[in-house]
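Quick heads-up: it's one chain on its own, the form predicted on its own, in structure tokens.
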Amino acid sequence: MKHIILFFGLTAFAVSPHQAFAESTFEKIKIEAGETLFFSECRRCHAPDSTDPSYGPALDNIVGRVAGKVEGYEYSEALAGSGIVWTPAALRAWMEDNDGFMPGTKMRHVGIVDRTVQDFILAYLGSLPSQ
């Protein structure tokens, strides 16, 4: 049986083609679920595409972006001057309690505290192409 080698950091793991298929299928399911959750929880203010106008800043290419830097959006001083990079951990903290994570921000919402919901939304945000 052939195996596929997956590299995670400096460690390699051998997995069967069935495992690799299952993992890629699960990732697709997470992204699709994340898209549904994004549209129910986040879309009323944020677009997933910078060409689609929204009240808040668009979230395409959010993972790895410096916070408060989308042109054309007027951020709070707290967020604009934070220097935070939107890592998955920072986005998770923001989704859970943005006021606690960044006091003084303009954004108000009910926190998304379910880690599975956060995981799905993060998978979706990470899948968005750069515009």
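Residues carry their position along the shown sequence, with the first being 1. The model shown is predicted, which means the values in this text are computed figures rather than measured ones.
One more form of this protein exists, namely the form predicted in complex with a small molecule; it is left out here, but the text below deals with it.
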property: Contact assignment for the small molecule in the predicted bound form, among A93, A47, V70, A33, heavy atom within 4.5 Å; result: V70
property: Partner proximity in the predicted bound form: K106 to the small molecule, non-hydrogen atom cutoff 4.5 Å; result: yes
property: Contact flag, A123 vs the small molecule in the predicted bound form, heavy atom cut 4.5 Å; result: no
property: Contact flag, F101 vs the small molecule in the predicted bound form, heavy atom cut 4.5 Å; result: no
